[in-house]
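Single chain ahead, written as structure tokens, the form predicted alone.
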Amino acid sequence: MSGFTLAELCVCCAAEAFRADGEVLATSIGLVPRLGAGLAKLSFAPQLMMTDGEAYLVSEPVPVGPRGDYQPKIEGLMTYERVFDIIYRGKRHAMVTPVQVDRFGQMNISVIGDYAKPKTALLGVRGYPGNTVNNANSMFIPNHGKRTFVAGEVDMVSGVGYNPARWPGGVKPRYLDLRRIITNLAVMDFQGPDNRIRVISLHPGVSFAQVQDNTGFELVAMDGLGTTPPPTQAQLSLIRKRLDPHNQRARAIPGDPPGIPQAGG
């Protein structure tokens, strides 16, 4: 199958991050994570909980973009207070898009440069500290490069990672659980030695050397490293007809490239 875009491939990879989660709240920040969680719920994880983006739990993913006469299928209230109850119980899986990630999986969304005099001030740490010590976290990175996957540590540690020097008393937080990183080049996890970041599949036309050259730290390749599976017709139908009928995903990755690179492209 060749008729799919790279964004659609990444949506399917994001969906896989939620496989076998059970009844947890999917907090998907950004378009590809949201579509991925929705695809998971419609495909193989019906027990996954999600909201309408505001204050209600819904029984099916709400399409992105203009809704027309579509009405969310509301099945419960999800107030801010209830979200915190779920976080503290560890019954949530968040997929986020940090500005920087280091070899420990530490994430930054706060500042670029020296904290005392930053080049760029961003969002602040927001909920990243509590999220990363209480529930599972995955990431989507639309532009895999050394500006994001930095050498050394991130400029500001917003999200906790596998760096013992940052753990209070050197003790690993009990519920620290970094799962997947989906990028425009590959899919990675934290199952390398000592939780090193490991490449588990390469998108069509991408080599491990290319991924490594665009990363500021050394990666591990999974044994038998292969190509990311293409979307199925059923997955593409769900993405295009139910989850994103207005093709908002075309803006998720610059240029909206095809999932299989064109010859000479």
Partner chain sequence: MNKVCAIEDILDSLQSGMTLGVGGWGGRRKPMAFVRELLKTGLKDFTVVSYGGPDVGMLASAGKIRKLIFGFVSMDLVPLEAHFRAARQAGAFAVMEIDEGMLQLGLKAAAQRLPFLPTRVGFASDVLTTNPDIKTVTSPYADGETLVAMPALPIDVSICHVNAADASGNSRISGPDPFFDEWLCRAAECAYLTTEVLVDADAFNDPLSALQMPIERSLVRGVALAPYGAHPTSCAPAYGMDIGHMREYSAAAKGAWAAYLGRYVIGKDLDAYVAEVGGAAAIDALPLPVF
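Remember, it's a predicted structure, so these values are computed and weren't measured experimentally. Residue numbers count along the first chain shown, from 1.
There is another form of the same protein, the form predicted in complex with the partner chain; it is not shown, and what comes next is about it.
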property	result
In the predicted bound form, the one of 138, 135, 184, 110 near the partner chain [non-hydrogen atom within 4.5 angstroms]	110
Among the candidates 150, 178, 156, 96, the residue which, in the predicted bound form, approaches the partner chain to within 4.5 Å (heavy atoms)	156
Contact of residue 79 with the partner chain in the predicted bound form (heavy atom, 4.5 Å)	yes
4.5 Å heavy atom contact, residue 60 to the partner chain in the predicted bound form	no
Partner contact for residue 174 in the predicted bound form: the partner chain, 4.5 angstroms, heavy atom	yes
Residue contact check: residue 86 to the partner chain in the predicted bound form, 4.5 Å heavy atom	no
Residues of 51 to 80 having any heavy atom within 4.5 Å of the partner chain in the predicted bound form, listed in sequence order	52, 53, 54, 55, 56, 65, 67, 77, 79, 80
